[in-house]
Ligand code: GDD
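Just one chain follows, in the form predicted alone, and it is written as structure tokens.
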């Protein structure tokens, strides 16, 4: 059975201030951390062992996920002392096990992507083509903002192209990869390596079998506050979603795809729209909250008006969802 590696070490610079105290893969989307959504997707595909490649705020992951037994999975943690890039992070994570002698594939997940694609089908496609690497590709309406990945009629990758004004294809790298262990062995240990700019182009240039599995499914890069909120709304729908143990006061009106974490309390007569509210949050009576992110364990006084804000127990800062 394949082994998963989640790349969850990024700084989340584009998501600031939301990532001031929380690594982006631990930000709640639809009531659960992004990483939890990815673990559930891995589990659905039959992947039961996952290595989290951590760096920035690495200490946040273990208290929440532990050894993975809550999800009937085995979780391991590989922390980078210094950021190693995507390739270096993969090699560092795989070093926790005897990857050179295993016949299992590795499924690599980027920590800032929500995807509904069929991971099991991607694995089957990889095996059918006896590929060294298989990337999930997705077609976008305008590929100019992305590097594009042209393939032949059988799905074999022909090139990795940087952003261009006239893309030769609308197929882009969607951030989920199947690796054979032999590819990981060729990534230099303890060095900064980019798989997108170094490993993949070198494999294609040398004639190795690199394939693209193209599936049009739900896909979202949650790299900005606006995208994060969109992802949460997509999961929640038109109304709102509240986690276990949360209580909603009388005459509170909650809408716009708002998500509320676990053990939070919303006071009476509150109006909340298009907001993300974490776990253990206490919101007083008569509050108005719109387009805002309320971090875990925050307390909001009665009759507060919060529009376009990031609120934590330590910070009160504006955010833009444009």
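Nothing here was measured: the structure is a model prediction, and the numbers come from that model. Positions refer to the first chain, counted from 1. Rigid core (definition): largest C-alpha set, two forms, superposition within 1.5 Å.
Below, we refer to the form predicted in complex with the named molecule, which is not included among the displayed structures.
Student: Closest heavy atom of residue 191 to the named molecule in the predicted complex, within 4.5 Å or not?
Tutor: So residue 191 does not count as contacting the named molecule.
Student: Should residue 247 be classed as touching the named molecule in the predicted complex when contacts are defined as heavy atoms within 4.5 Å?
Tutor: Contact check for residue 247: no, nothing within 4.5 Å of the named molecule in the predicted complex.
Student: Is residue 169 close enough to the named molecule in the predicted complex to count, meaning some heavy atom within 4.5 Å?
Tutor: Close contact is absent here: in the predicted complex, residue 169 is far from the named molecule, nothing within 4.5 Å, heavy atoms only.
Student: Even though the partner isn't displayed, in the predicted complex is residue 116 close enough to the named molecule, meaning a heavy atom within 4.5 Å?
Tutor: Outside the cut-off, so no.
Student: Look at the candidate spot formed by 10, 54 and 85 and say whether the named molecule comes within 4.5 Å of a heavy atom in all three of them in the predicted complex.
Tutor: Per the other structure, all of 10, 54 and 85 touch the named molecule.
Student: Though the named molecule is not shown, can you say which of 77, 71, 125, 146 has a heavy atom within 4.5 Å of it in the predicted complex?
Tutor: Comparing distances to the named molecule in the predicted complex, the residue within 4.5 Å is 146.
Student: From the candidate stretches 103-111, 178-186, 206-214, 229-237, select the single one in contact with the named molecule in the predicted complex, where contact means a heavy atom within 4.5 Å.
Tutor: Answer to the contact question: 103-111.
Student: What residues in 209-245 sit within 4.5 Å of the named molecule in the predicted complex, counting heavy atoms only?
Tutor: The stretch touches the partner through 219, 221.
Student: Does the C-alpha of residue 227 move 2 Å or more between this form and the one not shown once the rigid core is lined up?
Tutor: After core superposition, the C-alpha of residue 227 moves less than 2 Å between this form and the one not shown.
Student: I want to check residue 247: does it shift between this form and the one not shown by 2 Å or more at the Cα, with the core superposed?
Tutor: Shift at residue 247: below 2 Å after core fit.
Student: On a rigid core superposition, would residue 190 pass a 2 Å threshold for CA movement between this form and the one not shown?
Tutor: No; that C-alpha moves by less than 2 Å between this form and the one not shown.
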